[in-house]
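The chain below stands alone, shown as structure tokens; this is the form predicted alone.
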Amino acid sequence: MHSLLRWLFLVAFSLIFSTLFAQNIQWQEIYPGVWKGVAGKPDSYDLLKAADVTPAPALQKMAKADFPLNAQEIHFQLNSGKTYLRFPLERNEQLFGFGLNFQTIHQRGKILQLHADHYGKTDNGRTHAPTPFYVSSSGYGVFVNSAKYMDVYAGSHVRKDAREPAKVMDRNTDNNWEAHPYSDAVEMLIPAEGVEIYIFAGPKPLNAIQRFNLLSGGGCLPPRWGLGFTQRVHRLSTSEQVKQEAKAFEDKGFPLDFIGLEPGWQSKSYPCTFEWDKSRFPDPAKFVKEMDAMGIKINLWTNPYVSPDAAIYQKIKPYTGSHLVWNGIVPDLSMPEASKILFDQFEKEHVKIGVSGYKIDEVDGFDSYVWPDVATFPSGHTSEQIRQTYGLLVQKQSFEMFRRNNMRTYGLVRGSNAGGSSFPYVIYNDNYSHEDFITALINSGYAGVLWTPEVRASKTAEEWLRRFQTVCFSPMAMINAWSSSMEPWTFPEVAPQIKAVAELRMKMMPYWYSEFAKYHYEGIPPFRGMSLEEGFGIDIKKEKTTASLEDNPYAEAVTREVKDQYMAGEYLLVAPLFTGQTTRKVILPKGKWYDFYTGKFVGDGEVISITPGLDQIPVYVKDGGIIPMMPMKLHAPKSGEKVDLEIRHYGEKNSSYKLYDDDGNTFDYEKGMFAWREIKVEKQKNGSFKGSISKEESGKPNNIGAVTWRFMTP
């Protein structure tokens, strides 16, 4: 009897303790509009510790705001060593984020396991960037800082003690019966005894994303050449073949800024030696120097798994995990010793001779390729934690290597996570769906990462051109020809159109560079979904059509998932077409919009139907849009090179734009060596427009030459 009473007492105490503990989250406002809560006992290793970044100064300057949720409705409970979290939802909220998704934008009602992995053609949480951050249409964001896999029920299930009890309906007689009743909470389960939680205020969803990115160090600032054009050559190319490829681009007048070498540059790969294959590249330093003289940077493919034939194998072996990947040992990059050995080798063999960056492969999944969850690592961190952070670690450590050498870099990576927005890497994968590429580009803005809809092997000239058009309105304009050896002019029938859009990419470099500067300094994603655009979904108008189409109210259009159009920078709306499409609908936010190419008015807060033809990707500019452009160049401007500007203005509004300038190559901007020049356009008494640009600041960079103005709207 005594033991039974003791057991009952312990059970009762446990239940009472659990109930009290569920309310025990202490919130502290650590920056304006950013609150940190500690629930239980968090793991000592998490996403922000892996990224190891300093929050951007602009975070401290953001507007103050009230805590955006009811703190009493945020619940934490520890159950069998696992953390349970619950966050309230209102009936009219939509959710965005939960990582880099490829097929869905709206996440409310989804069940996900956030798990670093290769995208397997299903949005189930297993993805290249399983960022545990979501943003609500109501204007707040939530980030759970854990390096463990997370089960997420994003408003998918109904609790019996729900604040808004489920309405019971009879399927037999009620036509409004739903298979998925209304749920008023986001619930998460994390295999840890506690977590850090961050809440971000708005007031708008974009403001919450800004705060999240700024907490992660701000967005990355690529070198100017990183925003030019890149071609990845065949995996077994030689130094002479690479030089011939670059010469062909020059001879045909196609822009090119950096070339990516695939596995064949290494003496052995899968696993890797990280050493040059002297049969293909007999004099690497001379080769890199010759390419640089042609205006071309070199980017190297690699993965981090060390071959027994690598010179660093024995030295790094004590700091590696228990299991092999591609028969190579896996450096535990959470240990400074492993990081130093690996990246000292990279620095000595590559960076010191002028290599500009990396494509870091295979740091995501599949399960059968990377280490299993039973693996152990000498740091003591679990295999799960290493997997969730490995993409962050390779980005962080390679980035710091370039910073030590005062060389900016821009590269590719297969995995990332929360905390990685400041690292100059763009995610890619082996998926071939053009439609999925655009959905991922939209979702990247909610996940704190960059994604490229790279141009890959295409079966037809139309597909090749359509892919090319979208890549020129993305973070990295890249052809990935490691297997196909395809070139921009592979399909002669569309080569002129491809050349035209590649030239447009280069002409727009002042705009792209300024938008990335806003990402860096202000946390505003350069490419983002329509839900983040001011005026989207406001005012219901009927569809404007050029043909007799079915009735489609604007309200219906803006509440569905918009997966095929996106914002590119402050002013541009991009509406790509896919292979086989000749017409499409475009949803214009409230406010006047103009055709990018002609300046003509196209609509205001409505759905338009367009038949644009094959030659151009549809792009629209909001009223007052200012787009700074430069003359077409085959390569990005060099440090100190003066560049003439043509500043375009669209529409009827007076407006202003911040144009960013620095040397484009080094980290001197971190020492204050940068400038913002304000562009203004104002309507005069006679109805014409006049533009002005602020004067250069003494002692600050000034790479601006002659300025001309073009007022696009008739």
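Numbers for residues come from their place in the sequence shown, where the first is 1. What you see is a predicted model, and the numbers here were worked out from it, not measured in a lab.
Another form exists, predicted in complex with another copy of the chain; not displayed. Remarks below refer to it.
- Of the candidate stretches 381-389, 213-221, 417-425, 399-407, only 381-389 contains residues with a heavy atom within 4.5 Å of another copy of the chain in the model of the complex.
- Another copy of the chain is not drawn, but in the model of the complex it has no heavy atom within 4.5 Å of residue 286.
- Residue 269 belongs to the set of residues with a heavy atom inside 4.5 Å of another copy of the chain in the model of the complex.
- Taking the partner from the other structure, another copy of the chain in the model of the complex has a heavy atom within 4.5 Å of a heavy atom of residue 235.
- Proximity of residue 601 to another copy of the chain in the model of the complex falls outside the 4.5 Å heavy atom cutoff.
- Proximity to another copy of the chain in the model of the complex, defined as a heavy atom within 4.5 Å, singles out one entry of 633, 82, 252, 315, which is 82.
- Only one of 535, 88, 308, 194 lies close to another copy of the chain in the model of the complex, with a heavy atom inside 4.5 Å, and it is 308.
- Taken together, the three residues 31, 36 and 63 all stay farther than 4.5 Å from another copy of the chain in the model of the complex, as judged by their closest heavy atom.
- Contact annotation for 371-394: residues with any non-hydrogen atom within 4.5 angstroms of another copy of the chain in the model of the complex are 371, 372, 373, 374, 376, 382, 384, listed in sequence order.
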